[in-house]
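The chain below stands alone and is given in structure tokens; this is the form predicted on its own.
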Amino acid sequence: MSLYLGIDVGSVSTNLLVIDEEHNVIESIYLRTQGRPLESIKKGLMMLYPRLPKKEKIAGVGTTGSGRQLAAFLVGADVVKNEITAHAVAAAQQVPDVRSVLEIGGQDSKIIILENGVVTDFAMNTVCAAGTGSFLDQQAARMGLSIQEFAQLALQAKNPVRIAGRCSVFAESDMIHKQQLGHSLPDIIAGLCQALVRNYLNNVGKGKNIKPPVLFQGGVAANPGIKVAFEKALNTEVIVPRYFNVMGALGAAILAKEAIVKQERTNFKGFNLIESQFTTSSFDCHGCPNICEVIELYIDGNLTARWGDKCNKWTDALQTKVAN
């Protein structure tokens, strides 16, 4: 049986997931990117390889996330898709009649509206930290709690306080003020969860027709306080799928399987990449007013890929050199 690999490289996490022909998840890995996407991809492959059935082969690879192009050139992807497409495909596979997808990651958030499995509307918020996983991590650390303890405390609240959630700076100041007034920690954390949900719905979800079934995915979906706050605000059940934190990688794997049906042969470079050394460099092209920043990928000291040039001048030059 052939296997299909999906890789989702984001600013906070790098996720790898493998499915079989029937879309069953064989293995999944969630790693912190920590500002080093090349190293995290390599580490993910090293962790993944010994966990896979030795008789099976990777028949297709898909990449997504903000680092999807880098991952694609590194591993040899068969399909490269944006996060909206990947998350929508994964959501529809998990819950076929899904109509609304709420996704909150480490540093951004998005909403996807579907009708009959097709994306009809979406929105993203990549400029504000309020409501994202990184902000919740910061607040948990400030209170001396693990993110798991922080998440569970929200469920113990008896009277959630109102927190200003439109800005992460104001939210933190308001939380400190409420602590100084003597409010309990569970009530403050539950209030923060409600504030972040209000912020999400008033910004990312503004003007969107959010209908059930509603899926909540992304790393923040691990926080039951946020889930409960969404259910209260939307007055409907919010479903957290089993693979909520690696849904982008799941979607990429499914898309890879579909791509292979058309091209019949994978571009995957194999797990031998684990033994290779990766480096990148960049330069500005002054050939035209665009002044494109061209990225170069070196594998074991050899220039392997270029991207970033809008006219493909440098990309084509490398491909011609390799062909000759």
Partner chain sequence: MIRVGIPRSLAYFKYFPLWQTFFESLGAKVVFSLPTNPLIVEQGIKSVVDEACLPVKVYFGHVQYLKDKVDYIFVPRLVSVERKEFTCPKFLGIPDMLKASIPDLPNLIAPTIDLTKQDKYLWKKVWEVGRLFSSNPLKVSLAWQKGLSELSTYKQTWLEEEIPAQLNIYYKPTYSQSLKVVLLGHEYIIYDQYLSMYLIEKMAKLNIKVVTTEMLSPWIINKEAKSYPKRIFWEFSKNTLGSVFYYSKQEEIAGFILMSSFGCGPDSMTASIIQHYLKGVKDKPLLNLTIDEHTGEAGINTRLEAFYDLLMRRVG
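Residue numbers count along the first chain shown, from 1. All values derive from a computational prediction rather than experimental measurement.
The form predicted together with the partner chain exists for this protein as well; it is not shown, and the discussion that follows is about that form.
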Next on the checklist: Residue-level question: is L48 within 4.5 Å of the partner chain in the model of the complex, judged on heavy atoms?
Outcome noted: no
Checklist entry - Heavy atoms within 4.5 Å of the partner chain in the model of the complex: does K81 have any? => result yes
Checklist entry - With the partner left out of view, is Y243 within 4.5 angstroms of the partner chain in the model of the complex by any non-hydrogen atom? => result no
Item to check | 4.5 Å heavy atom contact, F122 to the partner chain in the model of the complex | outcome: yes
Item to check | Position in contact with the partner chain when the complex is considered in the model of the complex, options R162, R142, K158, K206, heavy atoms within 4.5 Å | outcome: K206
Checklist entry - From the list I104, L136, V89, L196, which entry has a heavy atom within 4.5 Å of the partner chain in the model of the complex? => result V89
Checklist entry - the partner chain isn't shown here, but in the model of the complex, which of 283 to 291, 268 to 276, 52 to 60, 34 to 42 has heavy atoms within 4.5 Å of it? => result 283 to 291
